[in-house]
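Have a look below at one chain only, the form predicted alone, in structure tokens format.
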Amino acid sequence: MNHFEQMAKVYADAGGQPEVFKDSDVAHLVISGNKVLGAHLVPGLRVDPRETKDGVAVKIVVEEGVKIARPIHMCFGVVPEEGLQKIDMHVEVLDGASASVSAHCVFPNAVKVTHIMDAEIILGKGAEYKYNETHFHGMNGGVKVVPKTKIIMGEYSYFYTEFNLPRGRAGYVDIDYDAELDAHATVEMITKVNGYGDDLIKIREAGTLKGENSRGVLKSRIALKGNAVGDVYNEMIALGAKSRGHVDCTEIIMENARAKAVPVVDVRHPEAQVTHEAAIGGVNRTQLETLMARGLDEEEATEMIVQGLLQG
């Protein structure tokens, strides 16, 4: 099997659809380690992936007014047990343009793998960008994933991002996302991670509602088992008149796991409002007993509750 075929296989194993790589109407980008294995464009989309001395630099531009109809598919991964993947990504969605991305980050055999993503996303006036990413880190816990993203949002723009790690070991995950919103812009950041063993999950998400009528939601759903540790820090700063924000964190802990949530609400305009809620605790006993009464054993019922949290 060549490198592209290997990546297509692990992409499929992680829930992706490798047939899209053969569809001329679907844009895609495939990076294995620090090698660009494939890239395909559609009208109105410019992608410039360059292999550098220590990684890959990718520039993506959605041209003004262009609406990319079908999701752009991206696959990043390291197939061997050891390796370093470093990606610098710069995304510009120009005025009135829109695009969505379906990304899979796969490290199926990882024993000692590091994935570093430094990204900058700039949205023009009325632009829209959605980024859904699903991770699979294998079963060994030997992955270190450090994604850092800065989002600059113009007037009336919309940005949505969702980070999903529903199965397998998390390893070490350190997420750092920061968004600045102009007037009437809206951001939604959602993170869902399942960790066990000695996994360490750190999440920092921040939104600054600079413009009037800007909107922001930060939502985290974390399930922890064994000796796993979860540390969530969500910050929403409201500066603009009539800006609105909400911070929402739920963590389930089992066995010897530990969880911490720090919601920071900072309101600096009398017409702005930010709300928050945080809940940390064990599996809901009533839900557990209801499922067990329907024939599931305790382990099956617990897993169903955890997956419900991560899929909700």
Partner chain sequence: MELLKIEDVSLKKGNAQILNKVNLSLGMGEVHAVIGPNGAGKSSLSYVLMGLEGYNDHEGRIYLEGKDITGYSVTERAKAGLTMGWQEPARFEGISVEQYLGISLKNAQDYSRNGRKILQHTVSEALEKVALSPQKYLKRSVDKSLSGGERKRVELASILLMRPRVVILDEPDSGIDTLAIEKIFEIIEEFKQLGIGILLITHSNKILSIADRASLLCSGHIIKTGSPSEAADYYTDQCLSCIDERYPREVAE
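Residue numbers count along the first chain shown, from 1. Since we're looking at a predicted model, the values are computed, not measured. Whichever C-alpha set is largest while still superposing within 1.5 Å between the two forms counts as the rigid core.
Below: the form predicted together with its partner chain, not depicted.
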### Query
So which of 281 to 289, 27 to 35, 62 to 70, 251 to 259 is the stretch with heavy atoms within 4.5 Å of its partner chain in the predicted bound form?
281 to 289
### Query
Do M304 and its partner chain come within 4.5 Å of each other in the predicted bound form, heavy atoms counted?
yes
### Message
I'd like to know if H184 sits close to its partner chain in the predicted bound form, meaning any non-hydrogen atom pair within 4.5 angstroms.
### Response
no
### Message
I'd like to know whether D297 contacts its partner chain in the predicted bound form, with contact meaning heavy atoms within 4.5 angstroms.
### Response
yes
### Message
Residue-level question: is A8 within 4.5 Å of its partner chain in the predicted bound form, judged on heavy atoms?
### Response
no
### Message
Let me test this: is every residue among H90, D118 and A241 within 4.5 Å of its partner chain in the predicted bound form, going by heavy atom positions?
### Response
no
### Message
Can you list, in sequence order, the residues from 153 to 171 that come within 4.5 Å of its partner chain in the predicted bound form, counting heavy atoms only?
### Response
none
### Task
Look at E298 and decide if its Cα position differs by 2 Å or more between the shown form and the other one after superposing on the rigid core.
yes
### Message
At a 2 Å cut-off on C-alpha positions, does E289 qualify as shifted between the shown form and the other one after fitting the rigid core?
### Response
yes
